[in-house]
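Presented below, as structure tokens, is a lone chain in the form predicted on its own.
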């Protein structure tokens, strides 16, 4: 079978969501990962096949991609391995999409721009919820303004049952909550304190929530692509429900997010790998549901007048995807962008981000089909 897409990291939560969405949209998908058992339901689909892949082996990963016949790879592995996957895709001569690299990784990835341009291939960075949906909403807002001074953005989420459920990748969470963020202020990048408290905000469908300044790639890419409109400031904040934030902080304080190794029974185990597997084994409470608000506020001018445009995307737990909570907006978003590329609605080459090339209206329509709704200044637009 010749495949339309290869999903790397298909046995992780986001890879499972993306793969399920692609299959339900009628495409042929090669699901690659290390734990076939986790996706046994998906592999019952006639258009799905599995291949064991360890992306640390770049040559073998490239071989699997070439043999698939696909021209588009969705990278849903942990962000620390993004460069490995990019190198494999370059070797295989295929287009690449990922879920983001926060800041440090994103900057490294742009160094491959010329290599992919020479082969007329696209690398689309940050195709999840945020980065991803947030970037396309920002493109939509910025396009209505003559100049842009400041962009604030972030996310907040909550659940109907106040028990701890890991919201997304523990590796990403630990990085976000322990790495000093870089903000854009007065046109310059400045270092901030690690995960510092920014106050309380009231988010649609979520309600009042504490927000924290954390590291994120949008600060870097927005400066790169919108500074020609006068952009001077970008701040990124995250909101966690208090019951979840307390547990996450405790895990980190106890050292359970460490990348150090411990020896147990003669075997060396990375501490965070142990934590990840334990958290994976925790089942959600019965009837557990989530809601998430990904939001952007763009402040600028139009026709000489001050103008503020606020964009929001609301995601709730969806039937058939209960295992993912509101996190469907990450895996579904990369699936949608990959489909837009497959159908020639994205035509860029080189390393770039969604705010440069993803068509807003078409993307918002696809979100709506999946019960994810976009608001512009309190009015639903999809």
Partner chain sequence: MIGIIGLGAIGRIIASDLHKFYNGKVVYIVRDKSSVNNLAKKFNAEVRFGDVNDPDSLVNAFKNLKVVIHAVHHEYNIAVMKACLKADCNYIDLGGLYHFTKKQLKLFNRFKKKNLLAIIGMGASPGITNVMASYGSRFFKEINNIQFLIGSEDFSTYKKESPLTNLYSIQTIIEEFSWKPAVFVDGKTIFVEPISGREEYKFPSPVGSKKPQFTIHSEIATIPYNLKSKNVSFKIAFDDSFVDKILTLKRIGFTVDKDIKIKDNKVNIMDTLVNILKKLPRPIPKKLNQYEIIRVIISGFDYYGYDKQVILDARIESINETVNKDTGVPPSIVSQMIVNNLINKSGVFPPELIINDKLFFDELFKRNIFIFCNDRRIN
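Positions refer to the first chain, counted from 1. None of these values were measured; they are calculated from a predicted model.
Quick note: we don't show the form predicted in complex with the partner chain, though the next part is all about it.
Contact with the partner chain in the predicted bound form, defined as any heavy atom within 4.5 Å, is confined among 112 to 120, 221 to 229, 246 to 254, 136 to 144 to 246 to 254. None of 188, 286, 263, 193 but one reaches within 4.5 angstroms of the partner chain in the predicted bound form through a heavy atom, and that residue is 263.
Though the partner chain is absent from this view, in the predicted bound form it lies within 4.5 Å of a heavy atom of just one residue from 161, 208, 271, 107, which is 271. For residue 279, a non-hydrogen atom is located within 4.5 Å of the partner chain in the predicted bound form, even though that partner is not displayed. The partner chain is not drawn, but in the predicted bound form it has no heavy atom within 4.5 Å of residue 306. The partner chain in the predicted bound form is not approached by residue 103, whose heavy atoms all lie more than 4.5 angstroms from it. Of the heavy atoms in residue 310, none are within 4.5 Å of the partner chain in the predicted bound form.
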